[in-house]
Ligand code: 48H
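Just one chain follows, in the form predicted alone, and it is written as structure tokens.
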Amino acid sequence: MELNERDITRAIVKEATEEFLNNLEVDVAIAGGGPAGLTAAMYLAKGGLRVVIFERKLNYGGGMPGGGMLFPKVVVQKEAIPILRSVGTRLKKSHEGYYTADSVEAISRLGVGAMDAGARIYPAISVEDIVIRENDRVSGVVINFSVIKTAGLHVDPLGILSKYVIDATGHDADVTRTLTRKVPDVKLDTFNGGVVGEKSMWAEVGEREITRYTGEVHPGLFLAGMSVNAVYGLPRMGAIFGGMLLSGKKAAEMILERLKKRKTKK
């Protein structure tokens, strides 16, 4: 086949545009393609939902690929091992009794697992705002190419509608912070009604509490991963990622159950 630059361009733009148009209204929009966002997307897609992830960086993975201080290993507690094994990640039991995984392999397989389940990952797209409807319910996200913000250009964004939004933006909890700016009198389902900011490192407490507080922080808006710790003021954990995976799975299960009940009522 003869290669023609015009036809290469047409194939890419046509296919990408058609796919994007099919994702203007989805079941769940996830901000952040780290371990929690990818895990949530995988389980949501396996449950038959239309799911998109908007990752502001060019590559997905969040902080997981860097392991601990760039040593490419992460610790995972046994409760989260089934999640990694379900996508083929190899694990090893250390002399200390912990389970470790190669950080690059683990996040790569989680990404493939999410895509194989049917989730769509859009790289280099940032969630810069949210769609708010009746009773201040979060009903979608407002997106733009990340490079537009980096370049300081004034370019209007586009909107994506969704039944639910998951803030999986990590330490910054960007989506939730945007909500508190756009709706100043909003009362979040947190200790003080706002974003607290994460505390210093305490792995045991952080890992336990991240799954405990994963859930809907405001109508239509769920938290998963380090966004949970940032919003509720919980400790950070370092290079142990089991809680991140379990948090993503829990958020997905809660949304699936919520939509199941909504369908039953109809």
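These figures come from a predicted structure and were not determined experimentally. Residue numbers run from 1 along the displayed sequence.
Not on display, but discussed next: the form predicted together with this ligand.
Shown alone, this chain has one stretch from 111-119, 152-160, 166-174, 96-104 that lies within 4.5 Å of this ligand in the model of the complex by heavy atoms: 166-174. Here the marked residues Gly48, Gly220 and Ala252 all miss this ligand in the model of the complex; none has a heavy atom within 4.5 angstroms. Shown alone here, Ala36 lies within 4.5 Å of this ligand in the model of the complex, counting heavy atoms only. In the model of the complex, at least one heavy atom of Val127 sits within 4.5 Å of this ligand. Using a 4.5 Å cutoff between non-hydrogen atoms, Phe54 counts as a contact of this ligand in the model of the complex. Not displayed here, this ligand is approached by Gly238 to within 4.5 Å at the level of heavy atoms in the model of the complex. Counting a residue when any of its non-hydrogen atoms is within 4.5 Å of this ligand in the model of the complex, the one hit in 244-261 is Met244.
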